[in-house]
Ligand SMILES: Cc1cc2nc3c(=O)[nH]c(=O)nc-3n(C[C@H](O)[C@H](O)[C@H](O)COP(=O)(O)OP(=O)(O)OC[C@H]3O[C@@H](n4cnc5c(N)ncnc54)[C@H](O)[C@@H]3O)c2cc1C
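Next up: a single chain in structure tokens, the form predicted on its own.
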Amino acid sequence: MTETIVLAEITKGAVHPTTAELITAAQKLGSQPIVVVPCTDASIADIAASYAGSARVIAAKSDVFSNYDAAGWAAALDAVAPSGVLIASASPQSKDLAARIAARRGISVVQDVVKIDGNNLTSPIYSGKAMQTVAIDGDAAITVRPNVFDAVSSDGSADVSVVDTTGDVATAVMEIMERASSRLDVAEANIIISGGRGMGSPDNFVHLEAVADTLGAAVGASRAAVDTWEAIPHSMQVGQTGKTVNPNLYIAVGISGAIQHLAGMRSSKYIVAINKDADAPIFQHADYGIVATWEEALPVLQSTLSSMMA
């Protein structure tokens, strides 16, 4: 089944209530949607998380979302939103945005939808003098007119993942630790930090070891790292053909998120991903993601942790 992704309607830096109607529209396509919230402050995604009926919420955090720029927003959301049927409000801004993302992805776009019956979408044509019904088969982008679908209730509690593309690593690390500390019992020392081929060299794993020493964590590696460098032993490998782990906190650095690796760590209670590629699959499974190189992120992470543990 194709996934449905709701693009939250943002007005004056806040999630607009229309977003609750979009979730209802998405459910009529037959699945619980993922809600993507463009933001400069990830805390605004908590409103979207309170709407019932969504599978999870992705806070797409970037400086580009401080003011609407059509090309910038489309590029940023295209990188963060999973593939599937995108659903947005039929506001002038979101209709523009949906069309641009559809063009980037090479998928169909249907504007001003007022009825959804399975895969059949109804929208007005000829200035509202007639209605047309089209069927979608696969990925598409659609916009839904406000006040057509009932809003879902506000008694939900969806998990919020954060993908941070701002480049402000220090702020991102602080937010990671604030979120983690509210959910983790660090006394259990049930923490793993793993590196992938994105670390560039086995010599660079010393930076992972420094963070591990501070946290009381174990150091792991992806299959790609083990296969590439003899200096990284198989005993460190996390994945389907390595070790299956279930820590409270799993930090993946320079790991793309291949299925083989995810099979060994996806049940971790809290996943943090650091990767320079915003399209890396690992971000679809992470609770918090930082789009940055390990050279940018690890020194800040180590410094922040050292000051917190002092």
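What we label the rigid core is the largest C-alpha set whose atoms superpose within 1.5 Å from one form to the other. Residue numbers here begin at 1 and follow the sequence given. Keep in mind the model is a prediction, meaning the values are calculated, not measured.
Beyond the structure shown, there is the form predicted in complex with the named molecule, which is absent from this document and is the topic of what follows.
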Of His207, Arg145, Arg197, Arg105, the one that lies within 4.5 Å of the named molecule in the predicted complex (heavy atoms): Arg197
Residue (of Asp277, Asp69, Asp46, Asp41) lying close to the named molecule in the predicted complex, criterion heavy atoms within 4.5 Å: Asp277
Location of the named molecule contact in the predicted complex, chosen stretch of 240-248, 46-54, 59-67, 27-35 [non-hydrogen atom, 4.5 Å]: 240-248
Residue contact check: Gln284 to the named molecule in the predicted complex, 4.5 Å heavy atom: no
Touches the named molecule in the predicted complex: Arg223 (any heavy atom, 4.5 Å): yes
Non-hydrogen atom contact Gln302 with the named molecule in the predicted complex at 4.5 angstroms: no
Gln260: touches the named molecule in the predicted complex, heavy atom cutoff 4.5 angstroms: yes
Residues within 4.5 Å of the named molecule in the predicted complex, restricted to 278-306 and counted by heavy atom: Ala280, Ala292, Thr293, Trp294, Glu295
Core fit, then Pro146 C-alpha moves 2 Å or more between the shown form and the other one: no
Core-superposed C-alpha of Ala88 shifting 2 Å or more between the shown form and the other one: no
Core-superposed comparison between the shown form and the other one, Arg56 Cα displacement 2 Å or beyond: no
